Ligand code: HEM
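Read the single chain below, which is given as structure tokens and is the form predicted on its own.
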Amino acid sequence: MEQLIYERRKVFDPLLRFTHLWLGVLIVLQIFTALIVDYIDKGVPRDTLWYIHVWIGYGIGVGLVARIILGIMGSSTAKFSDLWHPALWLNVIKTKQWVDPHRWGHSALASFVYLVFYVLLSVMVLTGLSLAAIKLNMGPFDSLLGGNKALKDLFHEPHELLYNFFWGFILVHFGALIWHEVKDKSPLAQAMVSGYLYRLISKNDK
């Protein structure tokens, strides 16, 4: 029987983990509301669902602002500097070798995708707030864009496109977690629950 021996270290602080959970849950709920609204006939139920969609969007916006604050002023592994590894990314492009160095923090290679995620989530929130003002006369942009139907397509197209991106991101994110759990025998999925990262240091056969 193979015995795996790990080194364990507390890496992710409670605020980062809560923000991660907050954004993850609300983004999934947001995708769900957008998915089912097309199957509801026009009327009060459909309008109500759109209002729920907007309010969930407000929650995502709050979570995003909190994550940005943590990215600037948070713990060492919450800061955006922990996600910034341009030399490594360029080396991967040049050598075409997917080498992810062991480190106590976010994956250095996956960090690029995380940064793109936050940029696109910012665009998603801004286009969503704009659409809420244009279509429902809701939100902080209402005084600026409220009822201006001519601008609807300007914000709707990128919002719809990013909706598909977040679908893909969630699938890839969970796929990567399963990959690490099965192939690398690394208990990574629990990291944002417990805050601990594990590093495999030896294998012993009994």
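On a predicted model such as this, the values are computed, not experimentally measured, just so you know. Position 1 is the first residue in the sequence shown; the rest follow in order.
The same protein also has a form predicted in complex with protoporphyrin IX containing FE, omitted here; what follows describes it.
Within 4.5 Å of some heavy atom of protoporphyrin IX containing FE in the predicted complex lies at least one heavy atom of L188. A residue is said to contact a partner when one of its heavy atoms sits within 4.5 Å of a partner heavy atom; F117 meets this definition for protoporphyrin IX containing FE in the predicted complex.
Taking non-hydrogen atoms only, G57 approaches protoporphyrin IX containing FE to within 4.5 angstroms in the predicted complex.
Protoporphyrin IX containing FE is not drawn, but in the predicted complex it has a heavy atom within 4.5 Å of E160. A heavy atom within 4.5 Å of protoporphyrin IX containing FE in the predicted complex is found for one listed residue only; from L144, V65, L151, I170, this is I170. Taking protoporphyrin IX containing FE as it sits in the predicted complex, the stretch 103-120 comes within 4.5 angstroms of it through a non-hydrogen atom at G105, H106, S107, A110, Y114, F117, Y118.
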